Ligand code: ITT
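A single chain, nothing else alongside it, follows as structure tokens in the form predicted alone.
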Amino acid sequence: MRKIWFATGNPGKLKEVQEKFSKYGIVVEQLIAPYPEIQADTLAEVVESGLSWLWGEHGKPVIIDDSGLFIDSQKGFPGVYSAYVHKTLGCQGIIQLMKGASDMKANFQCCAGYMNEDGDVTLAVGRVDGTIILEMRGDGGFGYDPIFVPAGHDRTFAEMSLEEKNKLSHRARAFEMLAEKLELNRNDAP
């Protein structure tokens, strides 16, 4: 079995990724190693920088991810700054920003990345479209989950069970694609 490391302090995220990757014969171990997150224009740049730093520090095949909420009428804001904006303004700040907006469309994106033993990077981006609502609903999830309703649903991510959310989420999609890419790469190797 192949082993890779996942740099995360989130046990729920670790479990979700372990389940996804085990289907492909990949064992995922937790690496508790905070890494610097650069300010960049794209999630991919943030992930590539973090992978490079972790590889330099630990020298192990490693995966990480970065996510953001991208609001159409706000030209993609908060995007790569989602964590900082949530810490400073929270969901209420986004609600205030969106009052009077005619376009409530938004999407969550997650970029999951892997750096192998040779320093080669593989990236996968998962996305889920939806809308912002002007009230907080639900007590599950975290971040912007109480104000985001995924397309085709009438409940926010925060109103869904963790299992329901994980079937739809941008993170689940990104890690599923990443696991598939790693399996394809392994099968293509001589």
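Remember, predicted model here, so these are calculated numbers, not experimental data. We number the residues from 1 along the sequence you see. Just so we're on the same page, rigid core means the largest C-alpha set that superposes within 1.5 Å between forms.
Unshown form predicted in complex with the named molecule; subsequent notes refer to it.
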Would you check whether the named molecule, in the predicted bound form, lies within 4.5 angstroms of a non-hydrogen atom from each of Trp5, Ile26 and Tyr114? no
My question is simply whether Ser67 lines the interface with the named molecule in the predicted bound form - judged by any non-hydrogen atom within 4.5 Å. yes
Does the named molecule come within 4.5 Å of any heavy atom of Asp145 in the predicted bound form? yes
Do Tyr35 and the named molecule come within 4.5 Å of each other in the predicted bound form, heavy atoms counted? yes
Give a yes or no for Ser22: in the predicted bound form, does one of its heavy atoms lie within 4.5 Å of a heavy atom belonging to the named molecule? no
Pull the contact list for 85 to 122: residues with a heavy atom within 4.5 Å of the named molecule in the predicted bound form, in sequence order. His86, Phe108
Cα displacement of Glu16 between this form and the one not shown reaching 2 Å, rigid core superposed: yes
